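Quick heads-up: it's one chain on its own, the form predicted on its own, in structure tokens.
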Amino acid sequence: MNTVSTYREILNAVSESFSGSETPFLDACLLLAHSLGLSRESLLARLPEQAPPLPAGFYEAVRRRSEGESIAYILGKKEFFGREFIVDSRVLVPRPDTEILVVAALECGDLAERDHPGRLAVHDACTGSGAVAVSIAAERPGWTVSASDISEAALEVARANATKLLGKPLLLRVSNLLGAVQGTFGIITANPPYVPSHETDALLRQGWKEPRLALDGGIDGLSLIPELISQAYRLLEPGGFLLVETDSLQVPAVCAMFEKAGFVAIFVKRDLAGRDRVTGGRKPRA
């Protein structure tokens, strides 16, 4: 790495150390651009140029990435729904696929608001970084949005994101699922831990730094879902919606759980790759 001289050669050399990444060259570009205080576009325009001595922080970032740490954690930020969120090892890194949970909430909320004009209340459980809750609040400033998480450390990150992106705090509560949440809501969203325990173990062995608490959903990944659905049913207003993200292979079982709990008009939303991702249902009006 020390013998190369152009930006392109540096990036190519660094990319070779990211064997576990699906996008090694992009990863290298993001780390180098961040270290130099450049945009990725500006860096790409300089690829043929001779590079100056690089800051030590760049090689430290390369080491962290080669050991499996995510780009988002290294940079301390992640774009989600068109906004830049603060992220670190206290929270799960927001995924693009989770944006469909926000889309579904906005669609269902617009429908529910016809029944409750001007006073729609939305709650996001297992909020982590607050990406879903903050995105909904930013897109629909007239709605009352709150959020909860079992981790106080995660809520610290959510609080920082709300202040940064909304310019005001969200009502945040420490809660195991919805157990400590009070009030009634027109919409409840949740991206709960749904990775099976054995898969969580494998990911952590590969170097993932994300908290087990945000990943591990028990033996089959569905251990928390029945209680979440039951709690949500009690907190929803008549005609309110519950929206839950899971893995696509879990969706049929989750749909059955929704039906057993009493939800009607059950539906499924697909993610950017066309996979079933969000299960939704409505509490009967009567």
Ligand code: GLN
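Numbers for residues come from their place in the sequence shown, where the first is 1. Bear in mind that the values here come from a model prediction, so they are computed numbers and not experimental data.
Just so you know, the form predicted together with glutamine (GLN) exists too; it's not on screen, but the next bit is about it.
Picking from 128 to 136, 180 to 188, 70 to 78, 92 to 100 the stretch near glutamine (GLN) in the model of the complex, with a 4.5 Å limit on heavy atoms, gives 92 to 100. Taking the partner from elsewhere, residue 208 is found to have a heavy atom lying within 4.5 Å of glutamine (GLN) in the model of the complex.
In the model of the complex, glutamine (GLN) stays beyond 4.5 Å of every heavy atom belonging to residue 85. None of the heavy atoms of residue 27 is located within 4.5 Å of glutamine (GLN) in the model of the complex. Contact check for residue 105: no non-hydrogen atom falls within 4.5 Å of glutamine (GLN) in the model of the complex. Checking 150, 215, 162, 121 for any heavy atom within 4.5 Å of glutamine (GLN) in the model of the complex turns up a single hit: 215. Along 173 to 196, residues 191, 192, 193, 194, 195 each place a heavy atom within 4.5 Å of glutamine (GLN) in the model of the complex.
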